[in-house]
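Consider the single chain below, provided in structure tokens and representing the form predicted alone.
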């Protein structure tokens, strides 16, 4: 262990954060997690091995100044994961950007007040690196998303704005602690709680006929358990610094469908029509205007392009090795069935 003091995890009930809590408890750490409601509302966290002895849940509000003072008091390390993750919202500024940016600044202010914090691990996203694949480019930690806005992929904009705010805070305030950012791609895997995260929801939609055909799209996938491990390694590795693109491998939609079939899930309504050619891409771009605004925008800025990226930095500096995507995908499907998000396969 790196510290005998509690490690603060903001937004502890979230998909990634809950796995961070579990990873920390498994390694023997004390954990102080922040939640929005009464701690008793999160039995799946309180039931984790070691939670009875070493997990404390406290309430905090991203938009309330000083709300995290108690949570970070006496902590050497803070994992800031709390941030809204929604694609379609009514007001991107108030629903996405304000909570993400103001919440980040609120947490960092509390860290300065505490006088004890040594390092903050910030959960960012590939969204802060780019919102548009480029077939001629390999993305790395050096890249920043400069294209998103309140009108174009506002979720990506909120993640970019939040991470920029964090680095700007460090540069201007020069606190005693340093900052490390983890930038995962599509995070899949089993959920510790009953809610369905957005990345797993995309897998569910692919399996239940929401998509009419196989589109020319690819995504980088990473297992939530690996993302949690990366966060903990970022406090246990003294030399960790800067940003870490966190993703196992990129998978095309046709490969994803083939993977699900080979794993025994061919009984679901997987897409069959091949729309990966130029004509199919043009058709899907046209149909994207019939979708909710932000989903349509996401399709138009990603379809027909190939996402490539380099995860060498996180493997080299944090020593992490990633679970195979097929293994993660199988675990994801079984978990969605367990929670009732996906119906059992018809025999």
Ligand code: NAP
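The structure presented is a predicted model; accordingly, all values stated were derived computationally and were not measured. Residue numbers count along the first chain shown, from 1.
Below, we turn to the form predicted together with this ligand, even though it does not appear here.
- Among residues of the shown chain, residue 101 is not one whose heavy atoms approach this ligand to within 4.5 Å in the predicted complex.
- Among heavy atoms of residue 120, none comes within 4.5 Å of this ligand in the predicted complex.
- In the predicted complex, this ligand lies within 4.5 Å of some heavy atom of residue 16.
- Mapping the unseen interface onto this chain, residue 56 falls outside it, with no heavy atom inside 4.5 Å of this ligand in the predicted complex.
- Looking at 185-193, 253-261, 139-147, 168-176, the stretch with residues near this ligand in the predicted complex, meaning non-hydrogen atoms within 4.5 angstroms, turns out to be 185-193.
- Of the residues given (153, 130, 106, 124), 124 alone sits with a heavy atom within 4.5 Å of this ligand in the predicted complex.
- A heavy atom within 4.5 Å of this ligand in the predicted complex is found for one listed residue only; from 160, 83, 247, 110, this is 83.
- Interface residues of 194-209, taken as those with a heavy atom within 4.5 Å of this ligand in the predicted complex (partner not displayed): 197, 199, in sequence order.
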